[in-house]
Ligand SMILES: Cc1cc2nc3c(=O)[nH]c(=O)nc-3n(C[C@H](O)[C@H](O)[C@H](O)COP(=O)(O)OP(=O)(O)OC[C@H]3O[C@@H](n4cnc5c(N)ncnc54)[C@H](O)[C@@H]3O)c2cc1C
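Next comes just one chain, in structure tokens: the form predicted on its own.
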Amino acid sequence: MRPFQYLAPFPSFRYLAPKSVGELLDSLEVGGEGSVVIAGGTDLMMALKERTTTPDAVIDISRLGRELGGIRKGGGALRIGALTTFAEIEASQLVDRFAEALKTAAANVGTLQIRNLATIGGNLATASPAGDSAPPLIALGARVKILSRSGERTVPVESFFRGVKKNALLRGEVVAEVALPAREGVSSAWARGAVRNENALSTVSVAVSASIANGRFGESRVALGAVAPTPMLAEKSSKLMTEGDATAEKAEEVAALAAEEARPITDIRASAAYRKRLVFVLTRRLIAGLLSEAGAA
């Protein structure tokens, strides 16, 4: 972007600020396909400045935190409202208890200023292949709750992404909540590689979850980010790890298979070969960490 673009006025659009979820759903119907939703605005404000989006209407849902925010445990699930910020996720004791991978990822999103504004619903809806919240949510088996005038539906997080910056939302729909199983005895971890430590897109990110008992892995999931058009569940790696021996040798096998499953591209941040190698290194490291924790326990 050229420096002068930051000073240029935004393209004109209608501004709607619903005061309830009901008003929000009405606004989505009125705005139609040319409307976009803004919460923290960390992605949309840049898109408006860069003219990569020129909406007919902007629907501001930042006032709906009471209905679409917060973190709670209910129905056997950890429920995180779409308007929950990454700073809130990082500080949550419930997230620390049931979703360590998500807590770690939240703590590494952008800068402190961004984490105080950016919301988990917005991060998912942006559908960036490098979105840091997606891999831990996928690894933890989370589902996205979607609202519309027709009712509600849920989809697994890995099915929510349909392509680069394309999601599964239909006209009149909005992300309301993310829910993941609140299970005791399940450990998870997340790590990424980036050009620098803060305020940078991930070159690769990996999340792993598993239970470990009697020297074996229970149900396990490996998820990858920034190595395909969408954040992805590494299905073959997850299957290999599940019910396998909880050993360093198995960690090596799973990591090698995860690298094979990755479908990265070469771009300004890294080559495809480097990304595959990084998938291997991070996956092996994360599984080794889970094994170490289980041994200490």
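From a predicted model like this one, the values you see are computed outputs, not experimental measurements. Sequential numbering from 1, following the sequence displayed.
FYI, the form predicted together with the named molecule isn't displayed, but the following is about it.
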4.5 Å heavy atom contact, Ile265 to the named molecule in the model of the complex
no
4.5 Å heavy atom contact, Val186 and the named molecule in the model of the complex
no
The named molecule contact at Arg192 in the model of the complex, heavy atom, 4.5 Å
yes
Consider Ala226 of the chain shown here, and say whether it contacts the named molecule in the model of the complex, taking contact as heavy atoms within 4.5 Å.
no
Exactly one of Leu240, Ala272, Ala57, Leu44 has a non-hydrogen atom within 4.5 Å of the named molecule in the model of the complex; which residue is it?
Leu44
Which listed residue (Thr104, Ser92, Asn123, Thr203) meets the criterion of a heavy atom within 4.5 Å of the named molecule in the model of the complex?
Asn123
Within 4.5 Å of the named molecule in the model of the complex, heavy atom basis, the matching stretch of 71-79, 149-157, 217-225, 168-176 is 168-176
Taking the named molecule in the model of the complex, which residues of 33-64 have any heavy atom within 4.5 Å of it?
Val36, Val37, Ile38, Ala39, Gly40, Gly41, Thr42, Asp43, Leu44, Ile61
